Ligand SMILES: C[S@@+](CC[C@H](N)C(=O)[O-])C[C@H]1O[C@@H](n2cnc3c(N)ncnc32)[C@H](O)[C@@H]1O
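Before any questions on how it binds or moves, here is one chain, the form predicted alone, in structure tokens.
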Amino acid sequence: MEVSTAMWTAAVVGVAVIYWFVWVMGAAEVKGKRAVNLKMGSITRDKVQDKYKQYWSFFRRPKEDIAAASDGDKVPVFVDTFYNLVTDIYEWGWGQSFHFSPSLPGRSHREATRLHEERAADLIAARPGQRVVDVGCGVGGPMRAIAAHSGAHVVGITINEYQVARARAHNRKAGLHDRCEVICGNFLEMPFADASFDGAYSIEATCHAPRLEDVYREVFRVLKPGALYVSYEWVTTALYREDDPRHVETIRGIEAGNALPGLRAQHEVAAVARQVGFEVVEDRDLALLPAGSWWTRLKMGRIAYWRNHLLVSALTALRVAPKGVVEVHEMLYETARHLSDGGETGIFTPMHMILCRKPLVTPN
């Protein structure tokens, strides 16, 4: 009888554990993407591991080689591959907003994220009746927050077709599909008419551009005269030292694990904005004190990491998740370590804010 009871107890515990890991552990912030639904975007199951190896071999190369490859338009292709690989994992672990925000006392990560997004809407004075473009919208978390907060019509653009489908599904579920529009395209060549938007924003997205001036020039083109554009940029700070091997390792780790052709220096951003014709209204780091640490979300304990690692390993072994998911998960964990190091040492910030205005009269 005791053996039978022990077996039943073990069975119940086993079922409970499986239920917790597989069904309860949906997205950390917003339920909707669970571990059993890790598809790796639009990549077919048999190609996930190969695509991961191709991606990793490309971004592990020296920065000079990546810059040379940018001339052949390879970076956008690998950025698309990156988001096919990571979008489901991001949604599972972070929810629908793929960016950082300053931590706020007494507020959840989800609340801090929403307020950080709403700040962008306020900075560009978005309001009902306006048409605003989200440059690099991902699955549309910021888009929905900004549309709901401002009442503006938001048009998002992302290079990844899988993210377009996810964003549209989320828009319908949130009841915002009439105010949130999503298209697939490259923000370096946006399929919009000149002077067709009342405002623009990008939240930790333009870091994927091989040359910042190219994306800023496109944003400038599609904005109406007098319109505002705000961007939260990933940059190295004045504390970064190229002659410090630890600094270099941290920054290269951030770049390789996030599909970045190369991080720019903080002081370069405003100069690029002025170069393409913008007036710079404000230029500052939103991560500086008194803002709370943005990297607290990355402080995943070893137990939490191994829990998730065991889960994706089990799902891969059971062929629920495609082969290659474990490697992608390991890459993201290692990248999180580099991001945390960048934040704690102060050599990197993901939220250098620049607010620009397109002049009412553009010089010839």
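What you see is a predicted model, and the numbers here were worked out from it, not measured in a lab. Residue positions are given as counts along the sequence shown, with the first one as 1.
One more form of this protein, predicted together with the ligand, exists but is not displayed; see below.
Candidate site formed by C137, Q163 and N186: every one of these residues places a non-hydrogen atom within 4.5 angstroms of the ligand in the predicted bound form. For the ligand in the predicted bound form, the listed stretch (122-130, 202-210, 174-182, 235-243) containing residues with heavy atoms inside 4.5 Å is 202-210.
A residue is said to contact a partner when one of its heavy atoms sits within 4.5 Å of a partner heavy atom; G253 fails this definition for the ligand in the predicted bound form, lying far away. Interface membership of T81, defined by any non-hydrogen atom within 4.5 Å of the ligand in the predicted bound form, is ruled out. Using a 4.5 angstroms limit between non-hydrogen atoms, G277 is distant from the ligand in the predicted bound form. Shown alone here, G292 lies farther than 4.5 Å from the ligand in the predicted bound form, counting heavy atoms only. Only one of K224, H109, H99, H247 comes within 4.5 Å of the ligand in the predicted bound form through a heavy atom, and that residue is H99. Here is the short version: of I157, L228, V272, V219, the single residue with a heavy atom within 4.5 Å of the ligand in the predicted bound form is I157.
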